[in-house]
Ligand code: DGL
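Next up: a single chain in structure tokens, the form predicted on its own.
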């Protein structure tokens, strides 16, 4: 049995780590589309076709449920996949909804009309493709009214993290926060809308200041998946735990080991 976890690169390992801690008895198959990363600068059609190909590979590996641990894929491809592509008996979940539910203090499955919430000014930090999709704002509008969202496309941050250049990544974070503040001087909350960004959470918090609540996804997604599997135990699947990549397995394994600070061995997808 196994649950699939997909990301364009290594950022989804932040989600995977939280899932493993929350669900220690569930094996996961992680697939990184390293050969085509990053997704954040691609067109919506490119992202859709790459994501469906990757998810199909996870279905073929015995996964009945796949988590898109990639905000760009969740933003640009998930709705289209769910409406016209996902095979019967399979399920694909994204990472936006658990985050928005936490920010708006709504329980999973709460389908009541959108309402006023405590947070009124939200900064969204994400990839260019996620920002242009406006998927976060769309999902938020289903649950809350009166929330002003200012989005900042954080070009270069994912590339710096994937290359292991954290000094550059921190400098880029500060630059992007400065740019956001020129548009929204006093955000109350900040959403880290990319699964790479939890690795830079301290840098975002330092740049934003202690008065801004930073929402990061890993633990929220893990709690949401645990709740989902409790209600749908049949979706755990039949595969075995594995790490797969479309890139060079040795190179990706080395970077992933640095990323999580534990040994990880990828094989070719």
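Numbering follows the first chain given and starts at 1. This is a predicted model, so every value here is computed, not measured.
Separately, the form predicted together with ligand DGL exists; it is not shown, and the next lines address it.
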Partner contact for residue 38 in the predicted complex: ligand DGL, 4.5 angstroms, heavy atom: yes
Look up in the predicted complex whether residue 194 has a non-hydrogen atom within 4.5 angstroms of ligand DGL, and give yes or no. yes
Looking in the predicted complex, any heavy atom of residue 77 within 4.5 Å of ligand DGL? no
Indicate whether ligand DGL has at least one heavy atom within 4.5 Å of a heavy atom of residue 190 in the predicted complex. no
Only one of 142 to 150, 68 to 76, 177 to 185, 97 to 105 has residues with a heavy atom within 4.5 Å of ligand DGL in the predicted complex, and that stretch is 68 to 76
Scan 143 to 180 and note down the residues that get a heavy atom within 4.5 Å of ligand DGL in the predicted complex; none is a fine answer too. 158
